[in-house]
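A single chain comes next, written as structure tokens; it is the form predicted alone.
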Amino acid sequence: MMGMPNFSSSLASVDGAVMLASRATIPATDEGLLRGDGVFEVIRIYEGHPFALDEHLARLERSASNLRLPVDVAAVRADAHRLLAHAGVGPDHELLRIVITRGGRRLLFTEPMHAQPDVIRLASITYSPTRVLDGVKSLSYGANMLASRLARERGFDEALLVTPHGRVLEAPTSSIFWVSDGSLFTPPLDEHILASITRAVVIDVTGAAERACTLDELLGADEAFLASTTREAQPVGVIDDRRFDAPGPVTRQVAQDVAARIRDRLAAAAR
């Protein structure tokens, strides 16, 4: 099971004021808390520098617009730069989480990385996406978190979300890719999955094709991996009863290429 992060030294920004994350508060009446009515983003921090900040803020703005939630993106950007300047570099500040609530709060805080296995084991969990939340990275993540817990109850590391009709979607917080006959594929966005920023990086680097996939087809693949902000490209070793020789050669190459693209973009941003 993946370990939980320790937030003891993390920093937070609440409406622009920087403090220890443990001291950050929002009113109990905020509907972001009461109803999960809000949006969020999680950004990877490499040596104090956020990766793809512009893309994350653009998605935050789209999510908020789709949820009819006002958001001041310029203020969020300023908060992020101020918070990261205070945080500096270190293991407690490897992620930046941004939360915008219906109550009008801008909450940003740094996090340490979650412990991750080198190779992940997935259990298929039946799941139906909520169509009205298409294109929204909302705080209503109860179903995703329950799917992860159900998978762990069965002895796996994470869930693989599959529709009642057997079509593969994604994992609760990451995208799925698979290799078949030397070609790389991922489910299309019109399957009502998240437009993941790391997913877009993988497609850009590799030329992976979008293709609908059944669970049976995925179980017949040669390789599979998850892609996300926190995982980059993480090999899949097990899906249900199917074992993969992981990491396979394509997955290894993708992981190297994605890491190289991230380094190049961070270096370009620093110039």
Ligand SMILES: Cc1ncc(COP(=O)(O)O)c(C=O)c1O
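Don't overthink the numbering: it's just position in the shown sequence, from 1. Because the structure is predicted, anything quoted here is derived from the model rather than measured.
The protein also exists as the form predicted in complex with this ligand; that form is not presented, and the subsequent description refers to it.
J.: For the chain shown here without its partner, which stretch in 83-91, 164-172, 150-158, 112-120 has non-hydrogen atoms within 4.5 angstroms of this ligand in the predicted bound form?
T.: Correct option: 164-172.
J.: Would N144 count as a contact of this ligand in the predicted bound form, using a 4.5 angstroms cut-off between non-hydrogen atoms?
T.: Yes, contact at 4.5 Å.
J.: Just to confirm, S228 within 4.5 Å of this ligand in the predicted bound form by heavy atoms?
T.: The answer is yes: S228 has a heavy atom within 4.5 Å of this ligand.
J.: Though only this chain appears here, would L107 touch this ligand in the predicted bound form if you measure heavy atom gaps against 4.5 Å?
T.: Heavy-atom contact with this ligand at 4.5 Å: absent for L107.
J.: Verify the contact flag for V179: yes if a non-hydrogen atom of it lies within 4.5 Å of a non-hydrogen atom of this ligand in the predicted bound form, no if not.
T.: V179: no contact with this ligand in the predicted bound form.
J.: Have a look at V99, L95, L184, I197 for me and say which one sits with a heavy atom within 4.5 Å of this ligand in the predicted bound form.
T.: For this set of options, the contacting one is I197.
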